[in-house]
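Laid out below as structure tokens are two forms of one and the same protein chain, each shown alone and named structure 1 and structure 2.
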Structure 1
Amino acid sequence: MLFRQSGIYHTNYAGTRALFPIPADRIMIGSLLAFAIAAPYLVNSLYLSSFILPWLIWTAATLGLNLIIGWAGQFHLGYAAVMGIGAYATVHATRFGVPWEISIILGGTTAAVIGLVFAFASLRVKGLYLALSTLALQFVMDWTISHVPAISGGTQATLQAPALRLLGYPIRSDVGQYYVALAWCLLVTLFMLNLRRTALGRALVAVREKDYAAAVIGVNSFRFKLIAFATSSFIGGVTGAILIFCFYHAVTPEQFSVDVSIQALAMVIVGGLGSIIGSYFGAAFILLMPGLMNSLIAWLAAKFGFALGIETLAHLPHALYGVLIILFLLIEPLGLGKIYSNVRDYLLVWPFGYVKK
């Protein structure tokens, strides 16, 4: 009933091209936006800084990775390295006295330039070979960051991030840092929403579907692949910097290891390739589900009197978490975003299911 439309009214181009043409979508987006703005006053500060804040940051990272994988159809197994480049560049620029707003752009630009250099070499190959090439970026950056003291201070060193100052004002509270992360996540989301309606977005989709066919209709696939790599790397670099300044407050090589790249890839696949809402779902699932499973199993064991050993309690949530990922992908290989889309499409015509036939 909420989504059901009584008709389709294409009366002008502006209405047709609107981001959210259905009123129910606008109501939901408005409600979620109002909740996100009021969250610091509605949610416990522990949940705000431990769950919602990192979820927003990783959603922005997932959207950035989805741009290169879901939109342009190119493998990328080194996204954590790109985030690390942006984080280290921003921290060093800020320590040299550069204003934070400029430092973070420098961090994103540095990540984009290095991502572009690797893209030049990687884009001569495709498929699994491209995946291995981007994985090489991860290993090269891991080694460089760890073994060049001028960057990281050494293998075991922790580089403290300077205080976050936005427009000259220090942002020390969890609430202020939450709003910084929220603003960046919304900015990336808006960019991705509008990307679908631009010539760039349509060219990326054409390259994803078949680059030879795209070349036939005049799309320079190599150029658009480079643009996708550079844009995705810029988003990753800025997101890595925000992750350090708003969440970790210090940067180490382990925060951007190959395991993190695999997790970011899992967020994209579980959420759904090319799906914006799926990026939110995927980041929430991969980031928050292990902790929730742990708490749920501990609660069930205490309630029903199961005697579970410490080792079982430590590993059982991860096993069930893996089973859940497999189940979700078996039920809907296109990810959580597609499950949401299926439910929404059903509600659009409910109870007149025959309309779809």
Structure 2
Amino acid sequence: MLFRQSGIYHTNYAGTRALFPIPADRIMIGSLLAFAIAAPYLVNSLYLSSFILPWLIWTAATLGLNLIIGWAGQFHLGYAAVMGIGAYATVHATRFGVPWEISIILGGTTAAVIGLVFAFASLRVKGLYLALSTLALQFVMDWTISHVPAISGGTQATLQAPALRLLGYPIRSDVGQYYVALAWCLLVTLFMLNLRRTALGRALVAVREKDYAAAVIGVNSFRFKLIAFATSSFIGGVTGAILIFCFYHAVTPEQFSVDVSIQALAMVIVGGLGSIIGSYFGAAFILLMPGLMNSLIAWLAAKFGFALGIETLAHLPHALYGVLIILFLLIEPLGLGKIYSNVRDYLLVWPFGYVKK
């Protein structure tokens, strides 16, 4: 119905190689893009800066983490640490007087270099042991960031981020910062969309499926693991910096603690391993769910007249967040992205449901 394939004839190579051969996909993405660009004029500025902006930034982070887990099949329980390294490096470089565009690349590069330390563990072990060693590295990074005053900025451990200056123009308004986040998110999405069509992407998938087999067919799994870690760390570092400059405006060690790593992992799992649209869904779900839960619980409490303590109200959404992760793993292990593609697959052949896709 919606995603009709009849009447699509490829008469040239560009047509067969298109990212979205089905018109419905193109129309949907086009309208979403149009909405995203027009959002500052359509959406209440409160919603823009407290929901859409963090959603876009976290989507970029989720895509970066998905690259390493979903595509390359390597665990990373220390992604928040990598983001933190990028953020701190960028903030320090900017405070030092380096132009913002250069310092953000510097931040990403620093994150990539230190991310390679995580990769060292991946070259020795895999599976569970890799997960545990990246978790331990996260603790080391946490500790280093918060205990070295030269990084965290002294006893208060809060470092104010300088104003974001793009090509010399200071960007102070929420709208401007929204566009910066949107541009980065689109860039990462575009990279990930094209990744699966490149030799790099296929090599990563080969390494994910079985690294011995990949080695047998001539894929240097050692090299591609390093590349995967470096690339995803670069994305994570830049995203961390953008998170600080566009959303938090000050950087503290707690913003990149273990819990944040687990949250990012939850976004990938809830969204779906190796799914790009799933990363959008997962980030939105994990990010927005606690707030929505909170207002839902408060509304229920007011409606049915039962009093809840402040502490209960504060922790209940968190407990439900844990329950939801568990439920997702039990009911749809491939996440929201899989649910979306199930619906899409159904509509592709509708009304001929007996046609196996």
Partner chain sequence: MDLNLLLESAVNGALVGLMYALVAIGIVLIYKSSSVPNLAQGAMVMLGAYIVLAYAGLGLPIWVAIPLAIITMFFVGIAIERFALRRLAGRPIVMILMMTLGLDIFLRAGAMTVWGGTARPINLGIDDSPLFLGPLLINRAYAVGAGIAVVMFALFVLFFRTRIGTVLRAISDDYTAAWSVGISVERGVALSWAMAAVVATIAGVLWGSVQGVDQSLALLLLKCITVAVLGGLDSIGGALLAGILLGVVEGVGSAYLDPLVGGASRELVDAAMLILTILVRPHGLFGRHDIERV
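Here, rigid core means the biggest group of C-alpha atoms that superpose within 1.5 Å across both forms. Counting starts at 1 and follows the sequence of structure 1. Since the model is a prediction, treat every value here as computed from it, not as a measurement.
The form predicted alone appears here as structure 1; structure 2 is the other form of the chain. The residue from Leu190, Leu288, Pro170, Gly201 that marks the hinge of the rigid-body rotation between the two structures is Leu288, the others lying more than 12 positions from any hinge. Superposing C-alpha atoms between the two structures reveals a rigid-body rotation of the smaller part against the larger of 15 degrees. Once the core of the two forms is superposed, the Cα of Leu330 has moved 2.6 Å between the two structures. Once the two forms are overlaid on the core, Leu308 shows a Cα shift of 4.4 Å between the two structures.
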